[in-house]
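Before any questions on binding or motion, here is one chain by itself as C-alpha cells, the form predicted alone.
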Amino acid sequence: MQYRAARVIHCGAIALHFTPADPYAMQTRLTRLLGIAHPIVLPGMTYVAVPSLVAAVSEAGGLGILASGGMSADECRAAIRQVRAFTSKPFGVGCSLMLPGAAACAEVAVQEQVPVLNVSMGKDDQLVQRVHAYGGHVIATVSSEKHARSALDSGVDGLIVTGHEAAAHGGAVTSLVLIPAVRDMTELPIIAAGGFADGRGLVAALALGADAVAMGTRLAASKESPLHEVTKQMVVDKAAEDTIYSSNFDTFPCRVMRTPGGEKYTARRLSPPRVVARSLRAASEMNTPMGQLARDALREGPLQAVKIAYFGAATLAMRKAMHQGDHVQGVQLIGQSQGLVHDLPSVAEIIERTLAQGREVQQAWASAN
C-alpha cells in the first residue's frame, strides 16, 4: 500500500502522522502493518462483533474483528464470507482458543485466509506459522505481562493489551500501567484496550506507547450494533462506576454492567449442579440438541467439558441482555468507558469524531508547549 507524504505533529514523546489528502487519516505502526486508514479497532466481542458491525468499522477505515465465540465451523465460514460481501477492506476473526469450537473456527479462518487472526486465552505456534504462510497477520489479546511474553514467543505480529477497565476479561492491572509495561517488552504494534472511547483516550494511548485503541463499549453503542435498543440506552445512561468485576459469572475475572441480572449472576460462584442446569437450559432455549452438547463434552475430555458447561451457562444470560434487552435474567458485558458514552451515532461518526478530537487535543498540546 502506498502512503502519501505526511505532516507530523509532535507532542511530548509521540508524533502523529496526518496525511494532507485526508486530514483525519492517521498513520501508526499498526495502520502500516495492516493497511488500514485509522488506528481504531472493534474487538471480537461475542454476539456483538457480527458481520455487519465488523464491516462498518472496516469500511470506516478501522479494523473490525469478527467474534467467532459460540459459532460452529460452518457458521464461522458463512460469517467470514458475509463480512467480505459487505467490505473489501481488511478485517479480522477472533478466536478464544480455550473455548469450545475455537480450534474449528481458527481452522476455517486459515482456510478462508482472513487478513488478521486475533487469538486469545491460549497460544498456538503452528497456527501463527500457517497464517504467516499465506501473508496474514496474527494479533494476540493479552491481559498481563506474562501473557504478553508468551504471545511474543509464539511469533505474533502485534498485541491487544487489555487493561482492568475493559469489558469482559480485562486484567488485574489498569491500562495506564499495563500498556507501557508491555511496550517496554516489544517494538511490535500494540492495540490498547480498556477505558478508550474517544479522541482523548486515543491520544493518551499513543502517549503510553500504543499504536491504536480498541473501543468495544463505544462501538457497541452505535447505530449498526446488534445490541437491543434498551441495552444501548442503558450504556448511555450508566456511569463509569456502574460495573461489576467478578470471577463468579464464567469462572474468569469478568466485568459486567451493574444491573439486577449482573448482581444476581455475580453474587456467588456457580456450583457444578447449577452450571449443568443452566448449560442445559441454554442449549434448550438456543435450540442446541442435548445429544450434541453431550458428545462435545465427551469428545473434548473432562476439563473441556467443564469449560463447555460454564460457557453454556454464561451464553444464555449474555444473549438475553444483548438481544432481548432483559437485564433481570440477562448479563451485559461492558467496560468502564460506558461512562464516556453519551449518544448512539453511526460507526462512521464515532470514528470521525474520535480522530477529530484526537487531533484537537494534539494541536492544543502542541500550542501550549
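Start at 1 and count along the sequence shown; that's the residue number. None of the values given here were measured: they were computed from a predicted structure.
Just so it is clear, the following notes concern the form predicted in complex with a small molecule, a form of the same protein that is not shown.
Asker: Which residue, 34, 322, 341, 55, has a heavy atom that falls within 4.5 Å of the small molecule in the predicted bound form?
Answerer: It is 322 that has a heavy atom within 4.5 Å of the partner.
Asker: Just to confirm, with a 4.5 Å cut-off on non-hydrogen atoms, which of 94, 158, 216, 201 contacts the small molecule in the predicted bound form?
Answerer: Partner contact (heavy atom, 4.5 Å) among the options: 216.
Asker: Although the partner isn't part of this model, could you tell me whether residue 166 comes within 4.5 Å of the small molecule in the predicted bound form, counting any heavy atom of the residue?
Answerer: Result yes; residue 166 sits at the interface with the small molecule in the predicted bound form.
Asker: Would residue 40 count as a contact of the small molecule in the predicted bound form, using a 4.5 angstroms cut-off between non-hydrogen atoms?
Answerer: No, residue 40 sits far enough from the small molecule in the predicted bound form that none of its heavy atoms falls within 4.5 Å.
Asker: Residue 333 near the small molecule in the predicted bound form, any heavy atom under 4.5 Å?
Answerer: Heavy-atom contact with the small molecule at 4.5 Å: present for residue 333.
Asker: Under a 4.5 Å heavy atom criterion, is residue 105 part of the interface with the small molecule in the predicted bound form?
Answerer: Looking in the predicted bound form, residue contacts with the small molecule do not include residue 105, since no heavy atom lies within 4.5 Å.
Asker: 86-94, 148-156, 238-246, 166-174: which one contacts the small molecule in the predicted bound form at 4.5 Å, heavy atom to heavy atom?
Answerer: That would be stretch 166-174.
Asker: Give a yes or no on whether every one of 28, 143 and 189 sits within 4.5 angstroms of the small molecule in the predicted bound form by heavy atom.
Answerer: No, none of 28, 143 and 189 comes within 4.5 Å of the small molecule in the predicted bound form.
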